[in-house]
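Below sits a lone chain in structure tokens, taken as the form predicted on its own.
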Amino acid sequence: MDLTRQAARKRWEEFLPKVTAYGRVRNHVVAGHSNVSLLSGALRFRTILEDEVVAETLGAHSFEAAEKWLQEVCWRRYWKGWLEQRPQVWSQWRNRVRTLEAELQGRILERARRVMAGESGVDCMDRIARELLESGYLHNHARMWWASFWIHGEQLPWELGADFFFRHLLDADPASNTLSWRWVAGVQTPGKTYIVRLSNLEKYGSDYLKLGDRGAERLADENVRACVVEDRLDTRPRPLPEYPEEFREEPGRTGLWLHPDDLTPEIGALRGAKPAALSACVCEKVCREHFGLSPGRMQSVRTVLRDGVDRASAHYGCMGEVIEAVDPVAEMVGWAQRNRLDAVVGFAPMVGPTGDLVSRLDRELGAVGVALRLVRRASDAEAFSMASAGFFPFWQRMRQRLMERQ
């Protein structure tokens, strides 16, 4: 999966005429995934922007004809906004993963590893697991089936399943991945649990069944039951972080920070910035040892950072670098000092691995006399403010705003 902006723009231009059929065909898992956009990775890293996709959809189609597609694009912003108001859900999930790996009985962990390796004994589920390991991608319906099988069929902790996806999916997003797994488990929206059923697979994913149906009886509709999952996480909302939506250039030397949460600074509030230098960091030690990211996942991060830095260098007319860092904060501080910067600017990261760095980065840059100035896209600020409760109240408000734009 090519996640560069050039590839994403080409894919989007090819898919744009198909969005009116999206609601009818999107649930079918077909070879090559031609009925879905395959933009999830580029949108996750923002080598293409939700704003571009929404605006161009409304420019080409009526809202009514493209509503289901627009709704799915907005789910991503909803999940991000929900998690921005509950950052503790991210940190508590990460802590829970480490606790489970340290404390679970060996036989449970061994079973979990076998299911992850595609050795559960249920052929269709094993094909999905192997597809993820080999390609780094799964259709959303396949993700739901496999997550439900993990939680309700194998009765394994959802936190470890979410970690498996986070380590291998090239488009893994902290909000979408974590909260989707919570939803399948029945703890994100109380009373709503997603159950994998053989009849659903036969209708929408028959290719997974064609090469063998060993163990399929475990998924027969009459044999599948939801297990009760205890919600261990504190989900009380907190005030959204406050970031300006406009960037104001001030005297002094400025550096631009690029990170995996937003790699198109040439569009939006930062397009008129005049950086003297720009930088992005790859921290392989943290990615491998703390998060356990797969080699494919690591390579995708390197690719999108290089793509973002190259585009930004051309736009701003200054040299950029991708730094291989053991400690990303220390490397950023060193970069700021080498370039004699007075301030570092960038788009505010979302809750997740990059967002975890902000507090320390602000403190350590400040200690050497460098200010950290982060801005938030206006469309993010608007969407996040509406994501305090469930999706459908969010969508009703977002729907009205989108209809007004056409």
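Computed from a predicted structure; not experimentally measured. So that there is no doubt, residue numbering starts at 1 and follows the sequence shown.
Only in words, not in the display: the form predicted together with a small molecule, which the text now covers.
Undergrad: Work out which of T303, N200, T193, N177 lies within 4.5 Å of the small molecule in the predicted complex, going by heavy atoms.
TA: Contact with the small molecule in the predicted complex is made by N177 alone.
Undergrad: Report the residue, out of Y208, F164, W79, F149, that has at least one non-hydrogen atom within 4.5 angstroms of the small molecule in the predicted complex.
TA: It is W79 that has a heavy atom within 4.5 Å of the partner.
Undergrad: Can you tell me which of 134-142, 313-321, 258-266, 215-223 lies within 4.5 Å of the small molecule in the predicted complex, counting heavy atoms only?
TA: It is 134-142 that comes within 4.5 Å of the partner.
Undergrad: Report whether the minimum heavy atom distance between F347 and the small molecule in the predicted complex is within 4.5 Å.
TA: Answer no; every heavy atom of F347 is more than 4.5 Å from the small molecule in the predicted complex.
Undergrad: Is there a non-hydrogen atom of E72 within 4.5 angstroms of a non-hydrogen atom of the small molecule in the predicted complex?
TA: Yes, E72 lies within 4.5 Å of the small molecule in the predicted complex.
Undergrad: May I ask you to check whether L43 falls inside a 4.5 Å heavy atom distance of the small molecule in the predicted complex?
TA: Taking the distances in the predicted complex, the answer for L43 is yes, it comes within 4.5 Å of the small molecule.
Undergrad: Since only the chain is shown here, I'm wondering whether A172 would be in contact with the small molecule in the predicted complex (any heavy atom pair within 4.5 Å).
TA: Flag for A172 set to yes.
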